[in-house]
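Presented below, as structure tokens, is a lone chain in the form predicted on its own.
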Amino acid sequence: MLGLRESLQNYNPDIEIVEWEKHEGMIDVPSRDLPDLLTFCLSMSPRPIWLTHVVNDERQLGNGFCLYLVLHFPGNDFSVTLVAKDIKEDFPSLTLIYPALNWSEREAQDLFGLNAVGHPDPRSLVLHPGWSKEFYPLRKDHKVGKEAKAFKVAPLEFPQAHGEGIFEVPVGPIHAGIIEPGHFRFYTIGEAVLHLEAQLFFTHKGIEKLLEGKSIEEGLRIIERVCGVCTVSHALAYSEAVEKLAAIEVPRQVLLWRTILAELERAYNHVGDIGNMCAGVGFALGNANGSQCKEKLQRLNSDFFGHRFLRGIVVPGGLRSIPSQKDSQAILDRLHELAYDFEEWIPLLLNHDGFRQRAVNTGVLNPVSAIDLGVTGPAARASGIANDWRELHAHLLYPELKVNSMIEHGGDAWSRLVVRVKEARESFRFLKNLLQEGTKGPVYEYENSKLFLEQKLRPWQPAWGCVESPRGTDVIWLMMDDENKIYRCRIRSASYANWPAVPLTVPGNIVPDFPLINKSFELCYSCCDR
């Protein structure tokens, strides 16, 4: 049986294998060959997983526009970047082959002015009507400044529904509560939803443009603030990419505390999300318990790490600080109490007939759609897809923890709840094991991390980092210039990957079920509208 490298080389002798070592490879391929090569890759078993899709303006380097598609082959724990260079104006769309790339190709059209030939959806994604047709902000020759003055207010366009008894129900973009803006247009007949259109990107912040020209440290401060849910995950993914460009490996003590931080982030988000799902069905007691548990975990974060969202701890090359052995024992004791409390109130939810009746068979995401759309995290695992990056890829201390993907097969809101319950329990268990080592660890020196921030990185070389956040895999793709400044940084959050799946789960349900369905995915607008 041929290995992965030989299989790819035999299938297309025109490809050039640029790198192939450890867990990663890079292949140059003519853009015209991308559809066939991707089709071949997707036919492999186990099927590869989409990590990120990046378009980069490298015209000043003589490469034209370049497209980077990163796929992970789970059976080999090996990731391959397919690189197509010298793109002028057009590149062949891959969306009909792999629908997961729908959004990123439309985004390339919006922000780079390139044409994804054969893309089935010609609509703009990020840029709302009103922006000029020559506004391509991620081109290097675009000058930031007065573009806002050229914006003219124009209405959004939605498909028109026709037929007796069909109604359109617009909701948003401004909602009750504290969520960010998103417009949802329900097409209904009677109470049943026939179709849902979701319009996001009302607060697109241009973060990837903002990152251009920033130093490593400046970039970290921005990356950490992309959203509150994935502060640690984004910082870890960014740091991993930077450390690849520096060709260094961090010591075990850093890996230990990075794993602890990642699990603390998962625990406080999962219990909060469980509570939010209770709010989606008006189950106030469950909502109160989830909110209270989340608040206690965030106070723990603040007391021992200085920030409720764990911001400011992870830095490329290490950590800014870690708790003392005495504080590690105190964290362990408080987590023990919180884990006990969690087991006290979770049965109220799992045994609540009213909650089950609302959540079972509501908002079903079938596994075929989940695979085609590249859905990740608890949303995918609730549809029976074992794609936990902590299990698929050997990184941090997860191989020692022997992570098993927590899967359910219903694909409905109830399954997404149960996956989070199981994963929260696992996080408490992992934290107990990790902190026991933390109570015995040596004193940590931050000086090496400080020096690292000034280290020269390999210029013009791509690198990426990937972390299993509470929502799924977050991926940061990075390229530095020869002055150690960020040339291009692509942020592909789990929410960005999962949002396209939400409208598929709504038809057949009634409009009042949407809050529960939406909360069961619990996606982030800020990560998406970056």
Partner chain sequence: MLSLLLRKLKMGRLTEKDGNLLSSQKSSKLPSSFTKSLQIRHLDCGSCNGCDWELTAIGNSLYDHQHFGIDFVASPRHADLLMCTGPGSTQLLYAAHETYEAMPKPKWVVAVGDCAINGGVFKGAYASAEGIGNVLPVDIKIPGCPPSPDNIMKALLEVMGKS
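Positions refer to the first chain, counted from 1. Keep in mind that this is a model prediction, so the values were computed, not measured.
This protein has a second form, the form predicted in complex with the partner chain, left out of what is shown; the following refers to that one.
Proximity to the partner chain in the model of the complex, taken as heavy atoms within 4.5 Å, picks out 206-214 from the listed stretches 93-101, 365-373, 206-214, 411-419. This chain appears without its partner; in the model of the complex, the one residue of 444, 158, 304, 345 with a heavy atom within 4.5 Å of the partner chain is 345. Just one of 332, 166, 360, 179 comes within 4.5 Å of the partner chain in the model of the complex, counting any heavy atom, and that one is 179. In the model of the complex, residue 403 stays away from the partner chain, with no heavy atom inside 4.5 Å. Mapping the unseen interface onto this chain, residue 228 counts among the residues with a heavy atom inside 4.5 Å of the partner chain in the model of the complex. For residue 295, a non-hydrogen atom is located within 4.5 Å of the partner chain in the model of the complex, even though that partner is not displayed. Although the partner is absent here, residue 452 lies well away from the partner chain in the model of the complex, with no heavy atom inside 4.5 Å. For the stretch 79-93, the set of residues having any non-hydrogen atom within 4.5 angstroms of the partner chain in the model of the complex is empty.
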